[in-house]
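Single chain ahead, by itself, as structure tokens, in the form predicted alone.
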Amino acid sequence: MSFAQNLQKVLRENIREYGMFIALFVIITFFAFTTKGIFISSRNMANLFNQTGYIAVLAVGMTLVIVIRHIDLSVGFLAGFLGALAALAMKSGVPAIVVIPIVLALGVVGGVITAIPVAELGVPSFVTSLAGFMIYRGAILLVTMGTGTIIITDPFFNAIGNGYIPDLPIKIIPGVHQVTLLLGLAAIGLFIWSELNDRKQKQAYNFEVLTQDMFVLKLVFVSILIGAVTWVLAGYNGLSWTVVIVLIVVAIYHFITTQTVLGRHIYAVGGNPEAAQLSGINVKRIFYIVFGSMGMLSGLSGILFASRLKSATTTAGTSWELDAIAAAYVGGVSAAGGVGKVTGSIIGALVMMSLNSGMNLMSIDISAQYIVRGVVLAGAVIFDVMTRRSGK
């Protein structure tokens, strides 16, 4: 087949995976023109990635929750509540290095509490997490009662949301963060090595692989994308600690979901819980693990947000669960369960936050912004349904 025919075949067979990347590319290109380049400026892109951080980690956890055919509406206010607890603890003199692991552990406890009625009594997760939504909303108000805002002065904690990785003392390229560039080059090299190794293993077992021209196109396209993002971020202050944390979270969860028995069990439960139970998988255990993980990531989200604002507020957590759910669906997770990638959820979060940032730069009214985001979410779910039907 010709190059054009190969490209058409690959896009048609992988439309669910590639569709979100195409959508993000279109959105970035559109706003780049409509804002006269302001949207893709180094400063704006750095701010965009930092603003996406606290939603991105929630979206990673929410992806797994939806994969097992459940939902968690409590994560937004749980994150806000845990961020407020962290601020209160540091205000009382507890160092951040002690507060952070405690908050993450409390997040796990919160997630497990949500899972108990689901796993043991069969209560719909929508109901039990809605109860948590109300409880944590009230808890935030109690913790911040009298002040409304708890100021955080711990420099280590605040650096998480506002700091950047250090650069080399010697400037080879003026005005560019060199460590970020080196990390970008390392990421490109690691990606190419990983893809070549994966292709070699599949060929050894006679598995189907991309044609040579499509494989080279994929390597070139992704390498250019990584290089472009790295160059833009290096033009400001480089990689922030928020972005580093998000990348670590994504790498860990991507490894777990794609390379471990636990990951296979999670998707098996999402595909067919009854069949998974009959095959020997402890479905209740999977529920506890996934919801506990969601709670831990809620704690991390609360830490990232409180650190960025250098304070905890009564409004923290408002609509975060909706943003996380939207990011997961836009990122390719299936409403029917059993399908979805944590890497896709990050793209979904970037899509939703890019829409916010771009429309703000264009001074579009907030009412229109909600409508546009709603249309995008509806389109993502409809796209999921249509692709599943066409695949049958």
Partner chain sequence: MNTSVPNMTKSEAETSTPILEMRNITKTFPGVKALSNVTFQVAKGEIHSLCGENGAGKSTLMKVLSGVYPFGDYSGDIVFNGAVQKFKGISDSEEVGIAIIYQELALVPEMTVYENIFLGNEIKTNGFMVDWNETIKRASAALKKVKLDVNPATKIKDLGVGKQQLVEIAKALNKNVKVLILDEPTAALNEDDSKNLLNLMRDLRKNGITCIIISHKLKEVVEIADSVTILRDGQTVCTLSAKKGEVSEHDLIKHMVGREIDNIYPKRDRKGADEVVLEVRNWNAYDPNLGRNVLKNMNFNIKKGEIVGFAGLMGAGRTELAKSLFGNPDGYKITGEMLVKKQKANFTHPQHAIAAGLAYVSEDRKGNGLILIQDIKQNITLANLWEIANQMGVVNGNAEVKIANEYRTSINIKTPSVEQRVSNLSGGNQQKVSIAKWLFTKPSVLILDEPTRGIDVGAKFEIYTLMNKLIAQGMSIIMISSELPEVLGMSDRVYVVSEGRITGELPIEKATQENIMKLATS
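Numbering follows the first chain given and starts at 1. All of these numbers come straight from a predicted model, not from anything done at the bench.
What comes next is about the form predicted in complex with the partner chain, which is not displayed.
Student: In the model of the complex, does each of Arg264, Gly271 and Asn282 have a heavy atom within 4.5 Å of the partner chain?
Tutor: Checking in the model of the complex: Arg264, Gly271 and Asn282 are all within 4.5 Å of the partner chain.
Student: Even though the partner isn't displayed, in the model of the complex is Leu278 close enough to the partner chain, meaning a heavy atom within 4.5 Å?
Tutor: Yes, Leu278 lies within 4.5 Å of the partner chain in the model of the complex.
Student: Taking 4.5 angstroms as the cut-off for heavy atoms, does Trp193 touch the partner chain in the model of the complex?
Tutor: Judged by the heavy-atom cut-off of 4.5 Å, Trp193 is well away from the partner chain in the model of the complex.
Student: With the partner left out of view, is Gln259 within 4.5 angstroms of the partner chain in the model of the complex by any non-hydrogen atom?
Tutor: Looking in the model of the complex, residue contacts with the partner chain include Gln259, since a heavy atom lies within 4.5 Å.
Student: So, in the model of the complex, is Gln201 in contact with the partner chain at a 4.5 angstroms heavy atom limit?
Tutor: Gln201: yes, in contact with the partner chain in the model of the complex.
Student: Among Trp231, Phe255, Phe126, Phe156, which has at least one heavy atom within 4.5 Å of the partner chain in the model of the complex?
Tutor: Exactly one listed residue reaches within 4.5 Å, namely Phe255.
Student: Taking 4.5 Å between heavy atoms as the contact cutoff, choose which of Val339, Ile27, Met45, Met359 touches the partner chain in the model of the complex.
Tutor: Of Val339, Ile27, Met45, Met359, the residue with a heavy atom within 4.5 Å of the partner chain in the model of the complex is Val339.
Student: Just one of 330-338, 343-351, 36-44, 58-66 has residues with a heavy atom within 4.5 Å of the partner chain in the model of the complex, so point it out.
Tutor: Of the options, only 330-338 has residues within 4.5 Å of the partner.
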